[in-house]
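Below, in structure tokens: the form predicted on its own, a single chain.
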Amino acid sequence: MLIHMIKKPYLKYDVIDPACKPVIIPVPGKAVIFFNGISDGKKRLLFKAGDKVKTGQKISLFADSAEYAVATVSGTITDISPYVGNFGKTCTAISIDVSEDDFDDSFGKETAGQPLESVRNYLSCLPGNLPVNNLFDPEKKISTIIITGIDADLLVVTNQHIIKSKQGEIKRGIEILKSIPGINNIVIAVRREFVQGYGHIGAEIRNIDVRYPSAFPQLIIRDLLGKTIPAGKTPEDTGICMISAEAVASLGEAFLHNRIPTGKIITVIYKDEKKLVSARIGTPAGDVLKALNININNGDRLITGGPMTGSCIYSEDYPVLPSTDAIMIQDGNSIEPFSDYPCINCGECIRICPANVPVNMLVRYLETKRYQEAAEQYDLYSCIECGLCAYICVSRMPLLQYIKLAKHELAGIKLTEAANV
């Protein structure tokens, strides 16, 4: 994958206001926890409606299953049901009527004197979405960790806040990560303004360019390590693991206090305003907006993530997840709709693409669902999904959605083929 410098437009990442402090969102009356996987109707559930859970309690729905969730509130389970998300991705939603916090102490007991790998089954639900499976996958052989102190999308300042406010937790998190066998290099990628204060943090500090999309993993690796991720591969395939600053801080906090953190820092973007909030994982998006006196009007668009790569959600009941860094409301009066107008072959998408993908040709194959040919002939897997092509498209084509759908469909085909071998 050949990556070059983009030309125009010049989109810059925001700098967080030094005086900005998160608004504390009240603990919700009802929380929703997502659990990977769904019941096939044959396995007996270990939990049911009416069962009590404690804050920090590990929840496994099926016996002998590696999948789990961590309760971020105390209360009574009221419902366990399937949930279907973007591109048909399914999970199980556990609804909890919330009561006063009653903390589970299992994590503290199990971590006492134990190596990180032995307690990994508590850590994938940490705020910031720590990639535990990648860190301990024997086939990945991770040797380098890059901690990202800047969010990949525009307007989002969640990890900038973490870098500025949680140096002690990040330092402890780095110490824990260094205990993983094979890790020999840890780099913190930040804006130049945030270098001070990290001289003795235990990791190398490197600057990120302020131009979007320089905070995307492939570009960080190119700029800081001088390496190129091959098309169709992930950073982990090359021995590099990308971890958000919030995930590292959450890891450090968990071991400093012997308790799984339950609060998530989120950037809330509304029209011309931007606020940081701290909310429990599992809090419905509607509760966050209500606490900020933000109303969603007819025609507005509710999004998790930033303006370039975020995904629409269709209910205010959608919960804050460990990976939720932003909630955005787009004003319905200012949304430019996508169209079915054909590509006019202006070439702007090619000139803007940081991965040199021939987008004008690629989209012709994606429109007709010729996904395999798009991958083989027109560099589908070189796309880093920054959304610049859709941003600049004169015909207002939903280019990023076409690309994401194609990758999703091809992944499904590979899974089906593997299951039938």
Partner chain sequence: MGDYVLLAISCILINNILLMQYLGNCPFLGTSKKMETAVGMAMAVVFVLVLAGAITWLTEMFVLRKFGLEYLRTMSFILVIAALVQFVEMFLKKSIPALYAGLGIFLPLITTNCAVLGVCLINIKEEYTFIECLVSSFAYSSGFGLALILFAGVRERILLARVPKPLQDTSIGLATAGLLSLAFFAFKGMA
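Numbering follows the first chain given and starts at 1. Since we're looking at a predicted model, the values are computed, not measured.
Below, we refer to the form predicted together with its partner chain, which is not included among the displayed structures.
Chemist: Please tell me which of V32, I38, I59, M361 lies within 4.5 Å of its partner chain in the predicted bound form, judged by heavy atoms.
Modeler: None of the others qualify; the residue that does is M361.
Chemist: Name the single residue among E175, D97, D79, D340 that comes within 4.5 Å of its partner chain in the predicted bound form, judging by heavy atoms.
Modeler: Answer to the contact question: D340.
Chemist: Tell me, yes or no, whether K54 is in contact with its partner chain in the predicted bound form, where a contact means a heavy atom of each within 4.5 Å.
Modeler: Judged by the heavy-atom cut-off of 4.5 Å, K54 is well away from its partner chain in the predicted bound form.
Chemist: So in the predicted bound form, is its partner chain close enough to E67 to count as touching (4.5 Å, heavy atoms)?
Modeler: Heavy-atom contact with its partner chain at 4.5 Å: absent for E67.
Chemist: Can you tell me whether N345 touches its partner chain? I mean in the predicted bound form, with a 4.5 angstroms heavy atom cut-off.
Modeler: N345 belongs to the contact set for its partner chain.
Chemist: Please determine whether F47 contacts its partner chain in the predicted bound form, using a 4.5 Å cut-off between heavy atoms.
Modeler: No.
Chemist: Even though the chain is shown alone, can you say which residues of 351-374 have a heavy atom within 4.5 Å of its partner chain in the predicted bound form?
Modeler: Heavy-atom contacts within 4.5 Å come from M361, R364, Y365, E367, T368, R370.
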